[in-house]
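This document opens with one chain alone, in structure tokens, the form predicted alone.
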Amino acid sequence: MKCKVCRGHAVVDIRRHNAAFCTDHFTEHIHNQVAKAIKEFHMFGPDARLLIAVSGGKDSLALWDILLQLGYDVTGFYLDLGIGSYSTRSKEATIAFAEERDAKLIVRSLAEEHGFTVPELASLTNRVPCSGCGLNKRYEFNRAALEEGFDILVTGHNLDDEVATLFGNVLHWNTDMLARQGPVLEERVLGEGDRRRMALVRKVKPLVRVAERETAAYAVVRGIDYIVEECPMVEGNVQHKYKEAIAMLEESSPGTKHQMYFGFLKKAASRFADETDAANLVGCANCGSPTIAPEAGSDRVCSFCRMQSLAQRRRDDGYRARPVRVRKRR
């Protein structure tokens, strides 16, 4: 197997591109794919201050490395979710990555900021762990970006992630989610005139042109030491089942994932735009973060505050929390 560019020994074969690459040209290929996505979707300019959400996994660390290589001013943000030794190893991997590259990193703890870990919240609220975890991360990522004065929030969602989300949203016809199914989520503001203030920082996904297998290969060739195992609380996550189904289609017909996602963006995404425009955002009465305007007579409280309040009430009342299943490390 020879490199498509230099005809040297290839180390990575990318069937959907009908190409193989040596180490140097594979790295260049991935850089080009990210740079192309940034330019194609007008994600940010060369002087933007970027905050990237990092988990210690391959996608976020690979993207952080790519953006640093491309010369962007990018700071990492790690949120300790309190998921036992998994969070400990994830934080250690993230800190080690930053120290090796002399990169800027912000570390916060969910327990220190709000008094609960993800397992505790899942147990006290009877929510699916991934649901509560996602809500916490979205809240804290946006909060950190606002408090620290960053222009853009960057996440490591790759092509596989976006296709799996699109697949699930189409299966259930979640039109409001389809309206936000894109590589760029624009900033949102609250108030009018002089009282206008940022509510949601612009969020972008520069890895949308890169498949999960390719980010893993990039991490290997770049010597990035990332957490290989999945979160121990992810078992049963339907998103993973969607990924498995789509992977079978991709195996038999390379390029299927790319065609599905970019076909949607080109031919169908605009049809759901009104779903987003119709959402009237107001500030949460507790924390001030954005939430959809409630019906008359309802409390103006965001989902994050409602979840925290429920957990605190149940803890204070001595609620016997149900045990949360955590898969043991093999």
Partner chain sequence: MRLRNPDRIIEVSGPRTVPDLLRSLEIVPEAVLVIRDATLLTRDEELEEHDELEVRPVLSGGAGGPGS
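Positions refer to the first chain, counted from 1. Keep in mind that what you see is a predicted model, and the values were worked out from it rather than measured.
We do not show the form predicted in complex with the partner chain, though everything after this point is about it.
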With a 4.5 Å heavy atom cut-off to the partner chain in the predicted bound form, the contacting stretch among 73 to 81, 111 to 119, 217 to 225, 98 to 106 is 217 to 225
Fill in: Non-hydrogen atom within 4.5 angstroms of the partner chain in the predicted bound form for each of 144, 189 and 312
no
Among 247, 260, 199, 170, just one has a heavy atom within 4.5 Å of the partner chain in the predicted bound form, namely 247
Checklist entry - Even though the partner chain is not shown here, does residue 237 get within 4.5 Å of it in the predicted bound form, heavy atoms only? => result yes
- Query: Any chance residue 6 has a heavy atom within 4.5 Å of the partner chain in the predicted bound form?
  - Reply: no
The partner chain contact at residue 155 in the predicted bound form, heavy atom, 4.5 Å
yes
Exercise for review: Answer for residue 13 alone: is it within 4.5 Å of the partner chain in the predicted bound form, judged on heavy atom distances?
Suggested key: yes
Checked 125 to 141 against the partner chain in the predicted bound form; residues with a heavy atom within 4.5 Å, sequence order, are 130, 134, 138
